[in-house]
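Included below are structure tokens for two forms of one protein chain, each presented in isolation as structure 1 and structure 2.
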Structure 1
């Protein structure tokens, strides 16, 4: 107990103020997502009773065994004209749950209410979707709290830069959709510059180290993009299966290339900042360090991070396809077909990102040395 009291005394007013603000935001947002029914136009119902009606075994044409369940649900309407009334719903779900799920007491669902009903009978309806906003908000807060607890000030800065980048990305897409004559790749390239400048300045502040990292990031990203583009052009995109690219409303090649830039940017930035801070660190420890020594140490550091960085991207991209791959396999699709259908774009992204990472190592090294030499010349 004493430890906590002492900790509390050590805090400055600014810190206490900040914690109070964060606490208030947390309380307000959690209260809001739990009481925001009136903001939705679609009717929302909260499950208050479920009964299992029947269970049947089913075997599909590929000999997969699954169970189908029928569930009767009584739920209370939370908004609209019928607020407070009970509604009867039925839910069919399978034990695998690829597109359906069992509902439990307390779950909130978007429903549609059947209209052709006589007076004084129970309302019936169908389930449309699940209200997930409160889960997203709670997990967002757990994320924010973990980052703040572990990272303190740096944690706060990384949250701010994530938020700034998200807003910027959303704005860039708005610009793209409203001015349809501008290419998405151009818009993403411009945003790339902004993303880089904002994120690196926020993390590192205004100094030569940051400038070197910014230059290295931009060079690395665009050179790797150029290489990928050249390869795609030379092979006339043989081996890329765009058919399975989801959510297509726009030219797929464009969306793919733009995703490629944005996707590899984070990793390239990470490599660039690691290179520049370690090389500037060596220089600051010993102002007379020869360029040759900087080069050897820089390359050593680069070798160390190369493998793990490419792995980060690789797993971030590929893992998203796991459910689809399983679905294909269970529907008796051949291995080669399944892989090329589902993984070609992800693999291309991961490989292109990897090329960006590896290229940024020497680029980051030489831009840092360039900035150090300029600093030395000034002295």
Structure 2
């Protein structure tokens, strides 16, 4: 208790004011999502009773077993002309739960109400979706609080940069969809420059360390993109399967290349700022440290983070394919066919990002030394 009191006494009025604002925003957002039924046009019903009607075992030709359940639900309508009335719903769901789910008392559902019913009869309808805004807000606030507790001021700027990048990406995609004569690669390249500059300047401020990280990030990203493009051109893209993009009405190669840029940017940026922070940290501890010592230490740091960063990228891409891999294997597809169909693009993305990470280590090292030498020359 005394620790909390002492911490509170150490706070400035500016910090207290900021925490009060964040607390009010949290309370207001939670209150809003719990009382915002009237803001929705679609009818919302809150489940008050569920009954399991029957259970059926399903076995397909590959001996895969699943269970199908039939659930009767009574729910109370929370908005619209029928607000306050009860509605009877039927829910069919499977134990695998790929496209359906079991509902419980307290769940809130978007429903459609059946029409042309006789008077004085129970309302019936169909479940359309689940109202999840309460859970999304809580998860978002846990993310924000975690960032603020760990990162404090940098955490706040990280949230701002994340929001700015999300808005920027949405705007860039809108520009691409509304202008048929602009390449998505060009749009994403411009966006990448803005993502990098906004994120690093907001989180690390205006200083040589940030400038070195920005230069290293952009060089690492675009050189890896160029190498990937050359490899694809020389190999005529043999082995790449674009089936997952067949529904697109836009050039799928350009969409794939644009995804490579944005996908590898985060990992490359992480390596770049790690390298510049480490090199500048060594210089700030000893302003007379020789360049040779900086190079040796920088390369050792780069080797330490290289393995973990490439693994992060590999697992991030591969994890998205796990559901499809399981689906193919459960349907007795051959191993080679399954991996070729589902992992060719993911592996290409992981390799392109890995090249960017490895290249960024020496680029970040020498860029940081360049800015340090400039700083020394001014002293």
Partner chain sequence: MNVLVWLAAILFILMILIGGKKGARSFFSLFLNFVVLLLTILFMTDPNADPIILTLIACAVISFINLFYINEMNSKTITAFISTIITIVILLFFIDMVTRNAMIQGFGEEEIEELSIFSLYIGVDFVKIGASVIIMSTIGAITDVAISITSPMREIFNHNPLISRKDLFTSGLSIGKDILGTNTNTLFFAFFGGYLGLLIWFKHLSYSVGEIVNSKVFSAEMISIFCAGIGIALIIPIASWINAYFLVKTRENNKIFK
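If you superpose the two forms and keep the largest set of C-alpha atoms that fall within 1.5 Å, you have the rigid core. Positions refer to the first chain, counted from 1. In this text the structure is predicted, and so the values were computed from the model without any measurement.
- Structure 2 is taken from the form predicted alone, while structure 1 is not.
- For residue 373, the Cα deviation between structures 1 and 2 after core superposition amounts to 2.5 Å.
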